[in-house]
Ligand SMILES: Nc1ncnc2c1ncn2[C@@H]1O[C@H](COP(=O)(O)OP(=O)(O)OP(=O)(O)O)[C@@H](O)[C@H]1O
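Starting off, we have a lone chain in the form predicted on its own, written out as C-alpha cells.
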Amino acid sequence: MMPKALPEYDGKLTCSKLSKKYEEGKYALKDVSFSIPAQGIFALIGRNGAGKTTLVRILSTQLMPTSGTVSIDGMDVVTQARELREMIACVPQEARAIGWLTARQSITAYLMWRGFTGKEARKRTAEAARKLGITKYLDKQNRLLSGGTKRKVLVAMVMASEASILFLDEPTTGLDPISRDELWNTLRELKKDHFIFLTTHYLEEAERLADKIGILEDGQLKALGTLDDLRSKVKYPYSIKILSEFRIAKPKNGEVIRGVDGHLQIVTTEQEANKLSRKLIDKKVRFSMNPMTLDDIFYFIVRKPIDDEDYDNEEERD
C-alpha cells in the first residue's frame, strides 16, 4: 500500500508572538514573529543555546509552545498537527540511528512506517543512499559507522520520503568538508521541490545555501531576510578585525564592536577602511580587512556597537 498523495502547498510559514518558557522560568523563545514563503531553503543561524532547536521542535509539531501561534500553509501546528505531520519530515539535532540496525534497515523501516510498501521502500532507500554516497555502508550496522555517515543515514530517511517540508537541525555536524559539500549539493537539488528549514552554526553553510536567513539570539529573532537584506542592516561594506590589543578612535563613518575576547571589529566605508588599514600597518598592529561576509554581519547584529561616548575625541594608543 502506497501512502496517500500529500497535499500540494504553496503557502507560508508564519509565527506570531511565539514564546516557549520552561519550568525553571527561562525563556527559550520570546515573542518570535515572522512570515516566510514555504519554498526553497530557509537557514536559521545562531549560537548554541540561542533557541534554534526549540523553534524547530515547535514548528515540526514535536513541542508545545507556551504562547503565540504557528501555521504552515494556513494549518496550525498545534490544532492541525496530524495533518501537518503527513507533509513534514524532520532530522532532529539529537536524533540517533539505532545501533544494531543496518543503515538499509533504518531507512527502509522509516519509509514503511510512513506507509510505503516494502518494495517501494527498498527502491527509495537505494536511490537516497546513491545520492548521498553511502551505498557501500547500507548493510553495515549503524554502530560501526562514522559520526558523519550516521548523519547521512538520518538525512537519507527524510530525503527518501514524500514529505514536502524538511526540518534539518544542524544536519552537517560531524561531516568532513567533502561530505558536507556533497550534502550541500543534495540540498540544492531537494529545494527545487521541497521547503527546507535548516538550522546551522556554520555561517558559510547559510551563506551558500539559503534563500532567506534568520538570526536568532537569546530566543529572539534579531534579523531576517536575504543576504543582501542583512547587509543593508549594517550599512557599511567593509569589516576590519583588530587581532591584538589596540585602542582606536571611532571612525567618522562606521561602527566599532568589542568582542567577548576583547578584540575589535570596525565596520566602515571603503575609504575609511583603506585609511585605517594604513595606520594599523604603520603601527604594526595585526588585523584583517574584508568585504562584509555573513560572519561579519552576524557578529555585528548579535554584538551591540560600542556607545559613541566611549570613543568620541579619543586618540589611538597602544
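Just so it is clear, the structure is predicted and the values come from calculations on it, not from any experiment. Start at 1 and count along the sequence shown; that's the residue number.
Another form exists, predicted together with the named molecule; not displayed. Remarks below refer to it.
Here the marked residues 24, 28 and 54 all reach the named molecule in the model of the complex, each with a heavy atom within 4.5 angstroms. Of the listed positions (59, 273, 41, 50), a single one reaches within 4.5 angstroms of the named molecule by any non-hydrogen atom in the model of the complex, namely 50. Residue 170 is the only one of 207, 73, 170, 162 with a heavy atom lying within 4.5 Å of the named molecule in the model of the complex. For residue 188, no non-hydrogen atom is located within 4.5 Å of the named molecule in the model of the complex, even though that partner is not displayed. Residue 232 falls outside the set of residues with a heavy atom inside 4.5 Å of the named molecule in the model of the complex.
In the model of the complex, the named molecule lies within 4.5 Å of some heavy atom of residue 93.
The named molecule in the model of the complex is approached by residue 201, whose closest heavy atom lies within 4.5 angstroms of it. In short, of 289-297, 248-256, 273-281, 41-49 it is 41-49 that has heavy atoms within 4.5 Å of the named molecule in the model of the complex.
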